[in-house]
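The chain below stands alone and is given in C-alpha cells; this is the form predicted on its own.
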C-alpha cells in the first residue's frame, strides 16, 4: 500500500487534466528565488546533476527517479511509496525538507516565506511540459471542506521570525555615542554576534563530540557537497588530503595540508555550515564534526577520540609552523612613512588585470565545460 495515498491520488487526478496548471506564484520572481538553489540544482537547457539533481521535467516526476543521480535511500523509498512532485508536495517539501522526507541528504533548511515557495514552484514548472504538469494547488472549495486545525500551525511555521524590539530614542536623536544614530546593542544581541574563536581557544563554548558522532553528522549534512571522505563533489572544496602538495604548481589546500589553526575549522563550521542552513548545529555537533575532519586528515586516528574545550589546545595542525606573524608594520621603511604616505610618481593609466585566480578552482556554480574567463581575479 502506498505510504502517500493522498499524494498518489492527487497526482493521478491531476495527470488527467490536459490544460496547463495555474500556479499561484510569479515565475519571474521565482527565478530570483532560484538563485538560492543554483549552487546545488540546475534547470533549463543543458542542465546536469550537481550536488542535487537537475530539475527539468520535475513536475510529475516520481521522487527519487531522475536518471543518473544518486539519491538518498530515504528519497528513493518515498518515491516508491507514492511521492510525486506537484505544486502541493513541492510546497510541503520546500517548507521543511527533512521534516517531510526524514533522511534526505538535502541540507537546505527550507524557504520560510510562502510567497517564495509559490514563486519558485511556478518558475521550475516552466521547465516541465504542460501535458506532464500536475496542478495540486488547493481550490477555494477544497479549503472550505478541509477540517484543518493544523492549517494556521503550518502558516505560522513559515512566518518571519519576530524581530527584537527597538528601544525608542528621543525625537531627532539616536542612541549612538558619537554620531547619535541607532541605539545601544543589548547584551543578548552582542552575545549572539560574539561567537568567534581565537587560535588560543578563547571563545570556545563548553561541549564535546567524538569522531564517530561527527561521521554520522557529516554523512547526513556535509557529504553531499564535500564527498563521503572529504574528497569533494564536483567543484566544492576538498577537505582532506593534499599533504606535500603546497609547493606544486597546483597545490591542494585542505584543512590537513594548509590550514594553520584548528580554531578556524571550528569557527567556520559553527558560523557557516551546513551550506544553506548555517547556525543550525549545536556546539557539541560542531565539536564532533571538527573531530571527524581531523580524522579524515589523519591528525587523529581513533574513532572514539573526543574533542572538547579541555583538549582543543593540544591539537597542532600540520602546517602551523609555515605561517609567520606579519611584522611589516615594524619595518623601518613603513615606520618612516607611516604618517607621510607616498602620493607621487604613481603608475599612470588604468589598473590592468594581469592574472586570474583560476588555479583556486572554488566556484561550484560554474557550469561544466564553461570556458569563459573570469572577469577579475587575484593571484
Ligand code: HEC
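For clarity, a rigid core is taken as the largest C-alpha set superposing within 1.5 Å between two forms. Every value quoted in this text rests on a predicted model; they were computed, and no experiment measured them. Residue numbers count along the first chain shown, from 1.
Heads up, the form predicted in complex with this ligand isn't pictured, but that's what we're talking about next.
**Q** Given that the partner is absent here, state which listed stretch (194-202, 298-306, 70-78, 180-188) has heavy atoms within 4.5 Å of this ligand in the model of the complex.
**A** This holds for exactly one stretch, 70-78.
**Q** Identify, from the list 294, 94, 232, 122, the residue with a heavy atom within 4.5 Å of this ligand in the model of the complex.
**A** None of the others qualify; the residue that does is 94.
**Q** Exactly one of 239, 87, 211, 262 has a non-hydrogen atom within 4.5 Å of this ligand in the model of the complex; which residue is it?
**A** Contact residue from the list: 239.
**Q** Can you tell me if residue 268 lies within 4.5 angstroms of this ligand in the model of the complex, counting non-hydrogen atoms only?
**A** Within the cut-off, so yes.
**Q** Taking heavy atoms and a 4.5 Å cut-off, does residue 60 contact this ligand in the model of the complex?
**A** Output for residue 60 is no: heavy atoms all beyond 4.5 Å of this ligand.
**Q** So in the model of the complex, does residue 104 come within 4.5 Å of this ligand, heavy atom to heavy atom?
**A** The answer is yes: residue 104 has a heavy atom within 4.5 Å of this ligand.
**Q** Please determine whether residue 274 contacts this ligand in the model of the complex, using a 4.5 Å cut-off between heavy atoms.
**A** Output for residue 274 is yes: heavy atoms within 4.5 Å of this ligand.
**Q** What residues, if any, in 25-54 have a non-hydrogen atom within 4.5 angstroms of this ligand in the model of the complex?
**A** The stretch touches the partner through 36, 37, 39, 40, 41, 51, 52, 53.
**Q** For residue 242, is the C-alpha shift between this form and the one not shown 2 Å or more after core superposition?
**A** Shift of 2 Å or more: no.
**Q** With both forms fitted on the core, give yes or no for whether the Cα of residue 312 moves by 2 angstroms or more between this form and the one not shown.
**A** False for residue 312: its C-alpha shift is below 2 Å.
**Q** Superposing on the rigid core, I want to see if residue 93 changes position between this form and the one not shown - specifically a Cα shift of 2 Å or more.
**A** Residue 93 C-alpha, core-superposed: shift of 2 Å or more.
**Q** Any idea whether residue 228 and residue 67 get closer or farther by CA distance in the model of the complex, knowing it moves 3 angstroms or more?
**A** Relative to the displayed form, residue 228 and residue 67 move farther apart in the model of the complex - a change of at least 3 Å between their C-alphas.
**Q** Say whether the C-alpha atoms of residue 38 and residue 278 sit closer together or farther apart in the model of the complex than in the form shown here, given that their separation changes by 3 Å or more.
**A** Closer together, by at least 3 Å.
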